[in-house]
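One chain is shown next in structure tokens, namely the form predicted alone.
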Amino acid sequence: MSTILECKDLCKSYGSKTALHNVNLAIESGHIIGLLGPNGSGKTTLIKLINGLLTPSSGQLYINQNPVGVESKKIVSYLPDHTYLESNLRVRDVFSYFCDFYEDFEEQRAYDMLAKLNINPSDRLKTMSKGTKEKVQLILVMSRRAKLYVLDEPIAGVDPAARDYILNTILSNYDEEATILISTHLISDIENILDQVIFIRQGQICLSSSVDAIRQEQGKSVDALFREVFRC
């Protein structure tokens, strides 16, 4: 397995506030990884740095051995924690846009997933419920043949049935050689699909481990360990 993401002494500050401090991290390809921490721990800042939406204050960040930029964006598929699509667009228009913008976007794959949900491609996003719009956004992200998928709170704010669909979609629509990085606070809902976890607190990595090692060495679930570490 190759290293898909590497951080070296990565720091990010907003004025006098430090969001990330000397983060050193290496993530291998072919894994589903949970990025876990309480609100304000630095998860979203790290995700935005990975996607080139922020620039580091110091340190380095590499995606597939390249600095964040044009080349890295070709292989990273990003699901933000908010709706970002123009609400007046029809689903088919968004698919067409992604097809033009991303060389690795598989339009037929997207339509197949849409059909399984009985969503009409002629529907406008503004007519959809929040859960349905989030499913459409997930379809867009998972219809790319990316090397790194970065999902920021993909199951927040949706009902349990929708969570099951989202998790099944994630599992069934990515290449096994790719990597998925999932940020969430709903640990018990996703623990069974994770290979590894990263705990982040006050802008620093406090634990990076495989899920199996946690269960064998700690004798507890990831959710239980998280609650213990962060006193939830």
Partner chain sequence: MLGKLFKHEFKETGKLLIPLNLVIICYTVIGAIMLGSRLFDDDHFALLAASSLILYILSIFAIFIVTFIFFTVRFYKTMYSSQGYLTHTLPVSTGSIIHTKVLVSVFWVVVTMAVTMFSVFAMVAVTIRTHLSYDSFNSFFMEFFMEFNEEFGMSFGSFLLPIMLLIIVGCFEGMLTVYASLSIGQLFNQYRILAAIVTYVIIHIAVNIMGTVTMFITEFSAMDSLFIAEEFSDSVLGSFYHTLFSVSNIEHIILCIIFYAVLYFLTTRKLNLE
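Residue numbers count along the first chain shown, from 1. No experiment lies behind these values; they were computed from the predicted model shown.
The form predicted in complex with its partner chain is left out here; the points below concern that form.
- Contact annotation for residue 80: at least one heavy atom lies within 4.5 Å of its partner chain in the model of the complex.
- Its partner chain is not shown here, but in the model of the complex it comes within 4.5 Å of a heavy atom of residue 97.
- Remark: residue 89 counts among the residues lining its partner chain in the model of the complex, judged by a heavy atom distance of 4.5 Å or less.
- Of the heavy atoms in residue 48, some are within 4.5 Å of its partner chain in the model of the complex.
- Contacts of stretch 65 to 85 with its partner chain in the model of the complex, defined by any heavy atom lying within 4.5 Å, are made by 70, 73, 74, 78, 80, 82, 83, 84, 85, listed in sequence order.
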